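A lone chain, given as structure tokens: the form predicted alone.
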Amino acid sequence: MAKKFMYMNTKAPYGTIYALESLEVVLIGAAFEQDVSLAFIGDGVYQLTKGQNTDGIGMKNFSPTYTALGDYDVNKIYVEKESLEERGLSLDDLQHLTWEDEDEDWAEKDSIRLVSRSELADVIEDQDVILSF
């Protein structure tokens, strides 16, 4: 059985290279058919917000790349509910990320799973490898 890899995203999307590096590593792992999931906690939830504009900071906006995750069969994206609430955000503030379920005639399904802190702890406990960015 394949090992389960979870990528923990805890940093804001810009100002450091962690968010971009995490996304690149996730895409590489998924391309090699790893069982990949992502968790967004703390300021990491900002990585998934809609309408990011990086014009003022001179960095490339890589947030549209998250929409490609479903094409790589990355469909387990956990967002910690408390982290959203602490930042005045809701699920509606995040990009709509989906994947197509070939077992259900390619039905489009949501990739984001809103979970509580305790639910996320249970998911993390079930992983084989955890990488924090």
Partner chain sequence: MKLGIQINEGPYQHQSSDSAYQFAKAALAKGHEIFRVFFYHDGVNNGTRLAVPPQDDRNITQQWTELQKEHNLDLVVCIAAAQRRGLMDEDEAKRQGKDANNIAEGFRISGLGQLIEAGIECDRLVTFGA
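Positions refer to the first chain, counted from 1. Just so you know, these numbers come straight off a predicted model, no measurement behind them.
A second form of this protein, the form predicted together with its partner chain, is not displayed here; the remarks below concern that form.
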| message | With a cut-off of 4.5 Å between heavy atoms, is Thr98 one of the residues that contacts its partner chain in the predicted complex? | response | no
| Counting only non-hydrogen atoms and a 4.5 angstroms cut-off, does Ile57 reach its partner chain in the predicted complex? | yes
| Though only this chain appears here, would Asp110 touch its partner chain in the predicted complex if you measure heavy atom gaps against 4.5 Å? | no
| task | Report yes if any heavy atom of Leu20 sits within 4.5 Å of a heavy atom of its partner chain in the predicted complex; otherwise report no. | result | yes
| in the predicted complex, which residues of 23-58 put a heavy atom within 4.5 Å of its partner chain? | Glu24, Val25, Ile28, Gly29, Phe32, Gln34, Gly56, Ile57, Gly58
